[in-house]
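Consider the single chain below, provided in structure tokens and representing the form predicted on its own.
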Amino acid sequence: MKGRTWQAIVALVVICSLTSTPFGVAADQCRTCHEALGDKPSTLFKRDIHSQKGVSCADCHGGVASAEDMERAMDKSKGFIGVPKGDAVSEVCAKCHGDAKRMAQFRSMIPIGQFKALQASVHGRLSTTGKERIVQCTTCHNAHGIVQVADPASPVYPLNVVKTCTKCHADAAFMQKYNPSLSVDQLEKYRTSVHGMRNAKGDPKTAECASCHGSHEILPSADVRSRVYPTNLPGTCAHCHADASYMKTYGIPTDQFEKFSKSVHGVALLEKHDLGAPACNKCHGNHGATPPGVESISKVCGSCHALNADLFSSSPHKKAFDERKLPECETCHGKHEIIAATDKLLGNSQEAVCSRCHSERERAKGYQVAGTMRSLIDSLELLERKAQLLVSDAEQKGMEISEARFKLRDVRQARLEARTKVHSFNEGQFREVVAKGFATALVVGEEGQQAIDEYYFRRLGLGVATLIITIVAISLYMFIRRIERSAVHKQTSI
């Protein structure tokens, strides 16, 4: 009999260890009673990760879990709090999730800083009641029936998190209370994006809300610490798009961030911190992110470079590019690796982009026009440099030449306009702009030279005047000496 009892005890221990159910749960009278009632919380709690880890009802709600008497079980003097309200909800969660030792007991690898991150986030701000935070842990994770993030049933599983976020963010009445300027159609836009379409088809690897904005630590986009702040956004996108192993199944390049960082846009944004420079979202979109197509890429570039886009649209290249199905701006300037547009891109030399399509034998007219344009703009730059040197020389000599210096700005402006006019690919229009620069540069150069000539004329005049004055002074001195000697001689004679 004793042997059988011992075997029963061993069997019970084995069963408990296999089911990962500690003895404390068996004595959870709260759960026993509620399961008998068949209420929703107890039903959901059966598959809750906390239930599987041995967390009892009293661990969250307080009271005496082992007491069969309801009044004793819910004795407030024993710590019974009932259903937590407001901020107390997250504080109850943080009792374990903010305690490293407690989490270690459950062998959990979950970070323990979520609650602090939530408090510092945009969601941690006071709600309209002024008594609690906008979001609590249960807002996103649920109260009972909580499962691991990797579980497809979790509200924050990659395929579900968009729906979870839009419970609030797609509710216009709700969002109006907190940020009326924030659009509430992010979900609709997201579903039109490559990320959204793949997500809807069941791909959990594609970007969703938390991938870009974070989870507990979400900050306003205007906050310099935010993942989607302009200078941080390229790095956020690169977290996936620069990971060759992660992106392997999608068959797209993973060097975009590297190229962008070295581009004229990347240098301006990431090194010079020019917030006017485009980040990834300026070209690809935010929630509706999609690669610009052949027809749309010029529209994307044209949102900033409006005049260039207008000139190209009326140029002979527009029709040629459309016939060959070539992307417009990208064909000459590149995509992520866009370099600073210099005069070297123009002309018919090997380094010029024009020579990629034009040669003396093929499309010769464009070849000749490109060469002429390059020659004209080089001449204008040379003339501007000469005028600049003359003005600077005159200034160093102390001449008043501020008006000529001001006119130099018109020469520089003409050169910049000429660079823009290149996109019209119209030699006549280009010559007209360059001619204005030539005329002004010649005037400035002439004024600078006149100022220098006047300086030397003044110096010559000053030299001559000095010589004359010196001669007169010497003559007077000699005359006075002669008079003095004459007077002395007369006195001696007397």
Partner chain sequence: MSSILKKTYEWIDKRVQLETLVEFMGKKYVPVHRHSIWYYFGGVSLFLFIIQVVTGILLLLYYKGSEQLAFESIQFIMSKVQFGWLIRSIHSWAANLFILSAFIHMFSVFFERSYREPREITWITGMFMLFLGMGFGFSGYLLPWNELAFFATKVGTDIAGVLPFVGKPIMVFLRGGDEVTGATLSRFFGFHVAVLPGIFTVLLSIHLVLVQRQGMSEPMGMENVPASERKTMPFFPNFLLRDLLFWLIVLNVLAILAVFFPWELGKKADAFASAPAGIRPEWYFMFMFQTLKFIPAKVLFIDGEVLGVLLFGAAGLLWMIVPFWDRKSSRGEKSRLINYVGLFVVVYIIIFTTLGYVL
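Rigid core: the largest C-alpha set superposing within 1.5 Å between the two forms. As the structure is a prediction and not an experimental result, all values here were calculated from the model. Positions refer to the first chain, counted from 1.
There is another form of this protein, the form predicted together with its partner chain, and it is not shown here; the text below is about that form.
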| query | finding |
| --- | --- |
| Contacting member of Thr192, Ser313, Ser402, Ser349, with respect to its partner chain in the model of the complex [4.5 Å, heavy atom] | Ser402 |
| Candidate spot His358, Asp378 and Gln388, all three touching its partner chain in the model of the complex (heavy atom, 4.5 Å) | no |
| Among 380-388, 394-402, 195-203, 174-182, the region lying within 4.5 Å of its partner chain in the model of the complex by heavy atom distance | 394-402 |
| Contact of Leu462 with its partner chain in the model of the complex (heavy atom, 4.5 Å) | yes |
| Non-hydrogen atom contact Thr466 with its partner chain in the model of the complex at 4.5 angstroms | yes |
| In the model of the complex, Arg458 touching its partner chain (heavy atom, 4.5 Å) | yes |
| Residues in 466-485 close to its partner chain in the model of the complex, defined by a heavy atom within 4.5 Å, in order | Thr466, Ile469, Thr470, Val472, Ala473, Leu476, Tyr477, Phe479, Ile480, Ile483, Glu484 |
| Cα displacement of Phe406 between this form and the one not shown reaching 2 Å, rigid core superposed | yes |
| CA of Ala451, rigid core aligned, shift of 2 Å or more between this form and the one not shown | yes |
| After fitting the core, Thr43 CA displacement of 2 Å or more between this form and the one not shown | no |
